[in-house]
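Next up: a single chain in structure tokens, the form predicted on its own.
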């Protein structure tokens, strides 16, 4: 106790000086956002609310996810959807006491909630034109039928049939079973099951609780669709955005580059239906109030897996890739009488999405990347000078790749440079001053992927608190750092390949990690202008694991002070706020704290509120001493009048 008192008394002598009389650099209104990549079953089986796996029988092994029984055929002649040619035929079983049908396991099971409605749909036809019947069963994890519905199919033309089915149980690992209940044959394709209660009630919609978690972050920028899936394991499996738009039934399946990338976390049933495609991404950006930031292929496959130049598009054969970029801008912003603007309107959004950012390439490096990016920059500057181009600094926080690429990015005059850092918490503790000495005359910084990787790779409190400390440096250097997004975003507890991740979920539940709350607190308290913040004349950026930054919010006339105490002792600061003329402190502040006594604690599905922000109103005055508890992230919103 004596030692504790001695340490505390040292910090009690410090003064935190905030110059609110002189506004510093403007903070980008797009500063804090989210980055989506379809890893860890983030799209199909995650945010995308479809419950049927391999709904169009287009996986490499067409019955993946399905168990056929009786007399089932796989066909592809005269298919209703050219990009997804496979369909099945259910023929009567060879014995009157047997049945023909097919059963789907979903994504590590199908999550059903008692009292919830589900929209079953199928494209089907009767082979002989006569009326035929199919049963649609929801089956629980004990193999008992929850509910049965009957659908009558007639006519030889393909038609969409649908039914609303209510579940009378809650089960996270249910199944869907379909079987023929007549003596004729039925063809079926694009078999689908969605909860009717999706985000915004959309039929091809998002899982509501996961989308709500994103909305609650109040993200200001949304980077999509990756990440390494933009590159693909090879160019054939890169993310082709044009395959992700148009009628959902005809979007061509893609092999997810993560499905058997890691031999210790193999998921060979991991594909991309593109049901969550570029239209839906843009739509979500609009829902969230976030600026869209799509990433497109630059003609390089993943360089970690392809070291030889022959794996990539030749430098003199990039027209297809550059045209994809030009067409994407037209899809997002073009008039409805243009080819791609017309498609956007046909999909239900005549108004433009007002795209202003475009990233070319993901984690590419060396001159292979530079020369391709240069080709993109030349065309984009000529045809779309209004678009801000984002180049990359490679996959690492330091080293030869980053050192080589930054001068090249300046030469090419890209608008922002995407930096990535997946590092230990110690790195984050020690690098709050990373951008203090960056060149202010070149491109701005986009912290496009970052996360503190604790040795146990958990979303624990130490990782989150170290990120909060590091982010004080992002805000303090807002003149150079314009955008920041944590990564990855989602992970299914039964299907993850990479951790830590911001949001974890199973088939029915979601948990927001402690890291999530750090991101949310920054997004909700971003302010409009940086304010000079010092303690005894020095910037607090890690000495004795103390960190602080402050900003002014012109929208609310508040000074926002963020302080991180990364030690095991409380610290005291006397507030010295230099106020503008004719301004004074209103007398109270909103105080939000994020604290834990255990650095290894995590939020879990069973205990999602182990560590969450706590908000209170406190009296505040200039010259007042405030105490920052041990291991705490504190935010004061101080009202002025």
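Positions refer to the first chain, counted from 1. Just so you know, these numbers come straight off a predicted model, no measurement behind them.
Below: the form predicted in complex with a small molecule, not depicted.
The small molecule is not shown here, but in the model of the complex it comes within 4.5 Å of a heavy atom of residue 35. Contact annotation: residue 362 falls within 4.5 Å of the small molecule in the model of the complex, judged by heavy atom distances.
In the model of the complex, the small molecule sits within 4.5 Å of a heavy atom of residue 228. Interface membership of residue 258, defined by any non-hydrogen atom within 4.5 Å of the small molecule in the model of the complex, is confirmed. Of the candidates 427, 199, 406, 498, 498 is the one whose heavy atoms come within 4.5 Å of the small molecule in the model of the complex; the others do not. This chain appears without its partner; in the model of the complex, the one residue of 594, 589, 49, 39 with a heavy atom within 4.5 Å of the small molecule is 39.
With the partner left out here, the small molecule still marks one of 306 to 314, 268 to 276, 419 to 427, 76 to 84 in the model of the complex; by a 4.5 Å heavy atom cut-off that stretch is 419 to 427.
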